[in-house]
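The data below hold one chain only, encoded as structure tokens and taken in the form predicted on its own.
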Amino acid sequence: MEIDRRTFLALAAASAFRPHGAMAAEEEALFLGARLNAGAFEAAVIDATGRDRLILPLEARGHSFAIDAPRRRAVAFARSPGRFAIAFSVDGKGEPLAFAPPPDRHFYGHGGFTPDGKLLFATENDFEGERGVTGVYDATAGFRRIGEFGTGGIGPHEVILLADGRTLCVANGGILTHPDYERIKLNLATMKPSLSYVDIETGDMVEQVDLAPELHKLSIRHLTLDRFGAVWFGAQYQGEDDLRPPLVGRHRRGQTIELFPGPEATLTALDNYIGSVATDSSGEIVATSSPRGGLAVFWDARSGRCLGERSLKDGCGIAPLANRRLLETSGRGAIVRTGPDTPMENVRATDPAAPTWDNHLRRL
């Protein structure tokens, strides 16, 4: 795949790719996030104390990552609508490798590896065809794009692989965009968000579930998998500001979608926007974060019961730290330990001079 000049320049800049201090032991908790640091976009590997372990310069704003933990590598994706992705070793070994989708596609910012690390899947926009696709890249051959699956919807955002290692779950947000119109939402009146399950060996759609028609403006965006095999999602409402539909849901294969509004005051404070979803290390606590609301809200994965909330201004990136504990980052430079049982603990306090973190934090 041809690498455009901008991407080439990013690779050149990546010569500054530098590990900080001794390499982390594999068993040490490390996290990966995109951020803006002194005017420069970068991906950063940090430890649980907030210390930088590795920095990868990016040519523009990054969003999220696909992580191949057994092989100690990751792919950083551009924020939608973006056209760059960079594969790199999280231990700083070797040169980063940039790649791009075809000219008539752009990335939506999320992806995932197969368990054997051979294939990478990335959510993409077929913007002329007005449909979502999952691009398939051969990770053993320089991330050459070898095909795509239709996602059965518009605006696929996050994609995760289920525990069977064979089925992808894709969140079709339902929002039609085109790069000629930047981020303008072109189909709010006819949105149809859904969850699609795709067999990665055949490309077949094996199941698809929709929200109720009255919730057609509830854009399903982010996903996580609990220890019981259910998919949890966070949504962003595109309808009237004075309405407060549930933003958090769960789906078990073969069943209908369940929605969890939580306490009325909490739902109101979330401001119709969930920016990231994660489970704790046990997989029994689901965390949903809202930078608009400045809240992280915790849910019992077994019952769907709301377990409480913690406040962090502009907090969004969230990842498992331990059982019932998570690490959260903010767009105002803060890094905190948080969870449903104990007070929030500052790792790094809010600091206008510190790097500002983007929406997602991933544990390596």
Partner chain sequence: MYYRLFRSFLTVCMLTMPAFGQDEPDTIAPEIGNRVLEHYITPVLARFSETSSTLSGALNAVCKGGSAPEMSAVRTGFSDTLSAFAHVSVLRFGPLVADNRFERIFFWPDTRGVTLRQVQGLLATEEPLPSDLADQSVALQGLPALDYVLFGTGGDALAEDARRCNYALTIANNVADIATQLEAAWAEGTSFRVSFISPAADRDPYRSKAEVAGEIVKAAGTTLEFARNAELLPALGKTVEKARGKRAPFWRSGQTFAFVAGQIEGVQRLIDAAGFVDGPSELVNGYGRGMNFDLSHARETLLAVETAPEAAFSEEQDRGRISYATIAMEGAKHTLNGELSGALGLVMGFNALDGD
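Numbering follows the first chain given and starts at 1. Keep in mind that what you see is a predicted model, and the values were worked out from it rather than measured.
Another form, the form predicted in complex with the partner chain, is not on view; read the next lines as being about it.
- Interface residue among Leu326, Cys316, Leu30, Ile55 relative to the partner chain in the predicted bound form, by the heavy atom within 4.5 Å criterion: Cys316.
- Interface residue among Ile184, Ile146, Leu162, Met205, judged by heavy atoms within 4.5 Å of the partner chain in the predicted bound form: Ile184.
- Across the proposed site, Asp104, Gly153 and Ser196 without exception lack any heavy atom within 4.5 Å of the partner chain in the predicted bound form.
- Contact check for Arg337: every heavy atom lies farther than 4.5 Å from the partner chain in the predicted bound form.
- Residue contact check for Arg250: none of its heavy atoms lie within 4.5 Å of the partner chain in the predicted bound form.
- Of the heavy atoms in Ala141, none are within 4.5 Å of the partner chain in the predicted bound form.
- Heavy atoms of Thr356 reach within 4.5 Å of the partner chain in the predicted bound form, making it an interface residue.
- None of 164 to 172, 197 to 205, 265 to 273, 85 to 93 except one has non-hydrogen atoms within 4.5 angstroms of the partner chain in the predicted bound form; the exception is 265 to 273.
- Taking the partner chain as it sits in the predicted bound form, the stretch 31 to 67 comes within 4.5 angstroms of it through a non-hydrogen atom at Leu36, Gly39, Phe41, Arg61, His63.
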